[in-house]
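One chain comes next, on its own, written as structure tokens: the form predicted on its own.
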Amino acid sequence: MPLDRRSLRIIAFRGVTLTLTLVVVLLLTAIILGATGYDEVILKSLVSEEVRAFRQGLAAARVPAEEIERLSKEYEKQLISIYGLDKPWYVRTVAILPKLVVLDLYVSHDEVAGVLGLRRPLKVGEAIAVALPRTIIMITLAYVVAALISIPLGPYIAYKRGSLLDKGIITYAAITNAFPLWWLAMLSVFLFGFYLDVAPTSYRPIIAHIGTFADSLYSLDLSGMISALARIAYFSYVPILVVTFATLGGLLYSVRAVAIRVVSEDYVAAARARGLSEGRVVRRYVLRVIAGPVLTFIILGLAGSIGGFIITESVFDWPGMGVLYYTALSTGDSQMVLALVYVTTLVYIVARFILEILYVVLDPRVKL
């Protein structure tokens, strides 16, 4: 459906507002970093990484040790001036923002790089690019499966309020909400891995299989891609099933709760009185009306899943975004923490912008 000028103006205004929100978050982060001295730690780490790379290049070129030392000191002085380490914090902090926006900061701890199976020197953008697909495979994909089940089924459950199915879903949601996801993860590792022996007991080898798939995709090796996908499926099916099982109950209950008010409306009763089928009533008179609020918590939930689940990923020994967050926090890697906060905020902003577009398309009342 084409958008009129008013709709486009609304979307543009929302986009500008959300962009300003991201800018404000970055500015506040920069001020906090500068006032506390963290920016100095970050910039010194950048200088150290670049000097080390410079020295390695000179050594590879077989430059004498004395000359390497002299040139490295000169290069370090230049970098100190470039990054503003010889200036007040409120001046030099500005130097961090452009690098943060493009994720050009460096990982400063070997443990952070090691948890991803990588080595330093390593940029935070590269680290996130490695960790993010792993979390998408385990967490986000499972959330998508749960959402695809709950969106059509939730309104139907509300339509059948008081039935055995409705009571069963309420009980299922209560049970899954009562048990922490990480506890279900531990139980699944014991049950499927140790007791039934139909799944791995350690999931870290998926790193190698994801890498193999990427290499096969780059070289257009179809047999290699199929083999790698089979191994990825073997290592990921239990985590996906566990996360889907744990999140499905809450999503079903949430969609049902939104739809209950709608199924009691007069126009739904009139549609039923006209003899329309249950499926048509749910699709045309219930699902379309609740699309806005349902899409809100599903899209924002998907955006939140990008950050990963720290404890659950740790239980599966799954080196994704959650484990990366935890390792960066525990080691005090301020560069990595900054980058993760920035990426999380950026994903949320993008998700909100998508929602604003969908609201204008789905609900004409927004234009009023």
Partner chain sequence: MRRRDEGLLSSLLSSLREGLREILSYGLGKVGLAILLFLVIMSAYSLTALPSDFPEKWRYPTRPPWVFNPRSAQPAWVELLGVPAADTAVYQNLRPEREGIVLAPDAIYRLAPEAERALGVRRPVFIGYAMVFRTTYELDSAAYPQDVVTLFKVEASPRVNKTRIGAIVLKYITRPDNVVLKVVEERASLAALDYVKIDQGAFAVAYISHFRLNLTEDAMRTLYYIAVFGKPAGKDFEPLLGEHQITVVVMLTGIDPREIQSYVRNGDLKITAEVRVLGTSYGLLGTDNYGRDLFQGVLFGFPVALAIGLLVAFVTISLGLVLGVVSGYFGGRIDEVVQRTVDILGNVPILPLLILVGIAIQTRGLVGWPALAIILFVLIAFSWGGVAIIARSMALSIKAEPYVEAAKALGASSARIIFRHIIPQLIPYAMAVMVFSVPNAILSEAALSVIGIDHGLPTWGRILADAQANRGIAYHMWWWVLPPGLLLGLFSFAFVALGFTLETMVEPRLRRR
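Just so you know, these numbers come straight off a predicted model, no measurement behind them. Positions refer to the first chain, counted from 1. Between two forms, the rigid core is the largest collection of C-alphas that superpose within 1.5 Å.
Not pictured, yet referred to below: the form predicted in complex with its partner chain.
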Can you work out whether its partner chain is within 4.5 angstroms of a heavy atom in all three of Arg5, Val101 and Ser305 in the predicted bound form? no
Check whether Gly279 has any heavy atom within 4.5 Å of a heavy atom of its partner chain in the predicted bound form, and answer yes or no. no
Going by a heavy atom distance of 4.5 Å, is Leu217 a contact of its partner chain in the predicted bound form? no
Counting only non-hydrogen atoms and a 4.5 angstroms cut-off, does Trp89 reach its partner chain in the predicted bound form? no
Is there a heavy atom of Gln78 no more than 4.5 Å from a heavy atom of its partner chain in the predicted bound form? no
Given a 4.5 Å cut-off on heavy atoms, tell me which of 258-266, 208-216, 228-236, 131-139 is the interface stretch with its partner chain in the predicted bound form. 258-266
Can you work out which of Val63, Val343, Ile310, Ile299 has a heavy atom no more than 4.5 Å from its partner chain in the predicted bound form? Ile310
In sequence order, which positions of 172-206 have a non-hydrogen atom within 4.5 Å of its partner chain in the predicted bound form? Ala174, Ile175, Asn177, Ala178, Phe179, Pro180, Trp182, Trp183, Met186, Leu187, Val189, Phe190, Phe194, Thr201
After core superposition, I'd like to know whether Val315 moves between this form and the one not shown (criterion: C-alpha shift of 2 angstroms or more). no
Does Ile299 count as moved between this form and the one not shown, where moved means a C-alpha shift of 2 angstroms or more after fitting the rigid core? no
When you overlay the rigid core, is the Cα of Lys123 off by 2 Å or more between this form and the one not shown? no
Hey, the CA atoms of Arg92 and Arg120 end up closer or farther in the predicted bound form than in the shown form, with the change being 3 Å or more? closer
